[in-house]
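A lone chain, given as structure tokens: the form predicted on its own.
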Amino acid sequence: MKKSLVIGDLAASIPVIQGGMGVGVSLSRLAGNVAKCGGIGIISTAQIGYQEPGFDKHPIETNLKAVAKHIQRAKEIAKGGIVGVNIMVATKRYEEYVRAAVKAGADLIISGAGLPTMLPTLVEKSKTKIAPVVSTIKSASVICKLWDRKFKRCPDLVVIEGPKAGGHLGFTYEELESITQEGYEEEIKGILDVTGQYGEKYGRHIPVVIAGGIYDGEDMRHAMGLGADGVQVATRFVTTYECDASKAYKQAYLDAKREDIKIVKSPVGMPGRAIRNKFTERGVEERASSWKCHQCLERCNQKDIPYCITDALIHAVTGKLDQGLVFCGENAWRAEKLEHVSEVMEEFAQACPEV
């Protein structure tokens, strides 16, 4: 029998979580189809309402309505499969996004871009499972210790996001330059030790999934060989027919060569991984212009940043690539063709170890 991913009373027959990708890359169509095929589909709430009327005037209120809309749509597609959301801690009015997702019936909330210190209180008395994203032994220890002390509980799932991931990264520029795969695998083992200790305390197994650089079945086997219960995969799903991004966005992945994948400085000061294009190659002075704030990130100060991250990501996902930032994982260059979600999931199902 193939190993499944069990999170409390939820069970995914294929231990694959499709990673949340914003803005607009993983919405209801992608998440619903991954869930339908036996994985866990994740909707990114980052500016999720960008296509909706009213977004320009009332972005947060529009986003909150869109959270419910996309969860419902994904669940209709999933036909009983597991549908969750990714909500960044750095999101402005984060608590309201969490409550909206819980109210809409999200099965799982994955939360990173900061430590979700208050997440347990926001899902109280609901069936929604919660999972922090961690990148280091220290961050895993901090969040587990805090939830244990303050809320008398442990995570339902832990996502370890490594340095090969896409988008904003939980590492400094110096760490990204010096860290090796072998070195990071020692960090993974340390995080597994931490989750094991808290799982033992609460008399349950805390499942752990590894994210960042997982592209095919071989990558999955290696990750699970380290002791993980499953994997989180994002980049591979961009070049599926069901992905919510535009054809031009997907083509950027198909056209990318290894040397086109680069670390860029996000306007909010964090390192991120993206595909080199005309936008990333322009100087700051060429990109800087006035814009209306879209109320996306809590700590974004408009007067101190060179361009709007929301505008750059919306331009990209809608196909205006020369004006857009195309986030990606380290292995985006490996994409050679468009696939159906069902084909990708079948590959991971075949690679899944026996139990």
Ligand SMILES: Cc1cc2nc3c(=O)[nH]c(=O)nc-3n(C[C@H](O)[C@H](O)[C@H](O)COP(=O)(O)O)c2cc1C
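Just count from 1 along the sequence shown to find any residue number. Everything numeric in this text was worked out from a predicted model, so none of it was measured.
One more form of this protein should be noted, the form predicted together with the named molecule, which is absent from this view; the next part is about it.
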Counting only heavy atoms and a 4.5 Å cutoff, which of 135 to 143, 121 to 129, 71 to 79, 163 to 171 contacts the named molecule in the model of the complex? 163 to 171
Just checking whether residue 214 would be counted as a contact of the named molecule in the model of the complex - the rule being heavy atoms within 4.5 angstroms. yes
Is residue 48 close enough to touch the named molecule in the model of the complex, meaning at least one heavy atom pair within 4.5 Å? no
Residue 328 near the named molecule in the model of the complex, any heavy atom under 4.5 Å? yes
Please tell me whether any heavy atom belonging to residue 345 falls inside 4.5 Å of a heavy atom of the named molecule, as the geometry stands in the model of the complex. no
234, 191, 228, 106: which sits within 4.5 Å of the named molecule in the model of the complex by any heavy atom? 234
Going by heavy atom distances of 4.5 angstroms or less, which of 44, 63, 33, 310 would be at the interface with the named molecule in the model of the complex? 44
Do heavy atoms from each of 28, 84 and 241 fall within 4.5 Å of the named molecule in the model of the complex? no
Can you tell me which bits of 244 to 259 touch the named molecule in the model of the complex, meaning any heavy atom within 4.5 Å? 249, 253
